[in-house]
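The form predicted alone is given below as one chain in C-alpha cells.
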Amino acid sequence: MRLEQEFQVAVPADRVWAFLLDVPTMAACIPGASNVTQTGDNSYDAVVKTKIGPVTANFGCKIVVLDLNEATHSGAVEVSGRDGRIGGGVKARMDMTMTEAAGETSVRIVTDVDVLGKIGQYGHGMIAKRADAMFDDFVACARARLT
C-alpha cells in the first residue's frame, strides 16, 4: 500500500530537518510511540501501540534512517515491527523531501507499507484511515513543537 502525505510549517527547513532527525524527540509526536532507544548510529528500537479496527497492537519496531542528504533535505527511513500477541507485522519505507519558500517548509512523505497478519486482513481502506489520523496527530504535535 502506498501513502502520500504532506504538511507545511512556518519555520525554516533547517529547523524542521533537525527536529525530524532527532528521532527520540520526533517520536514523542507519533501517537502510541514509546521506549525509543538508539541502538546504532542510525538505528533505533521503539514500541508503537495502535488500534486498527477492533484490534490493538503493540509493535516492537526497528527503525533505520537511510540515505540522508542534508543539502537537499531528503532522506528515507525503514521501519519493521511485529506484534507477537496477535502475530501481525508491518514493514514500511518512508521517503521524505522538504522544500522551503518564504520562510515556510513543506514536508512530503511517501510511504510504501506492507501490513501482515491479522491487522492486514482489515483492508487498505481501514489501515489508510488510521494512518491518516496518526499523521494528523503527528503534524499537530510537530507544529506545536516547532513554532
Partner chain sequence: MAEVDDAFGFDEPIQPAAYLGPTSLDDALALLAEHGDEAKVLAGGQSLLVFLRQGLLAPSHLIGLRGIAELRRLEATPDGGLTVGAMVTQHTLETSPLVQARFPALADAAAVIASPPVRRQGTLGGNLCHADPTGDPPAALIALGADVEIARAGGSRRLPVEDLFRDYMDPAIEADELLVAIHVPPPAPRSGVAYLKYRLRGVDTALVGVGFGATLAEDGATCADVRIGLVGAGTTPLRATEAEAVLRGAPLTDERLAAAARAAAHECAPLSDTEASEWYRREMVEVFVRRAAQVALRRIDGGNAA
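The model shown is predicted, which means the values in this text are computed figures rather than measured ones. Numbering follows the first chain given and starts at 1.
From this point on, the text means the form predicted in complex with the partner chain, which you will not see here.
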| item | value |
| --- | --- |
| Interface residue in the predicted bound form among 35, 39, 69, 121, criterion: non-hydrogen atom within 4.5 angstroms of the partner chain | 121 |
| Option touching the partner chain, based on a heavy atom within 4.5 Å in the predicted bound form, out of 65, 94, 86, 28 | 86 |
| Interface membership of residue 109, the partner chain in the predicted bound form, 4.5 Å heavy atom rule | no |
| Partner contact for residue 60 in the predicted bound form: the partner chain, 4.5 angstroms, heavy atom | no |
| Heavy atom of residue 24 within 4.5 Å of the partner chain in the predicted bound form | no |
| Any non-hydrogen atom of residue 126 within 4.5 angstroms of the partner chain in the predicted bound form | yes |
| Contacts with the partner chain in the predicted bound form - residues in 45-63 whose heavy atoms fall within 4.5 Å | 51, 52, 53, 54, 55 |
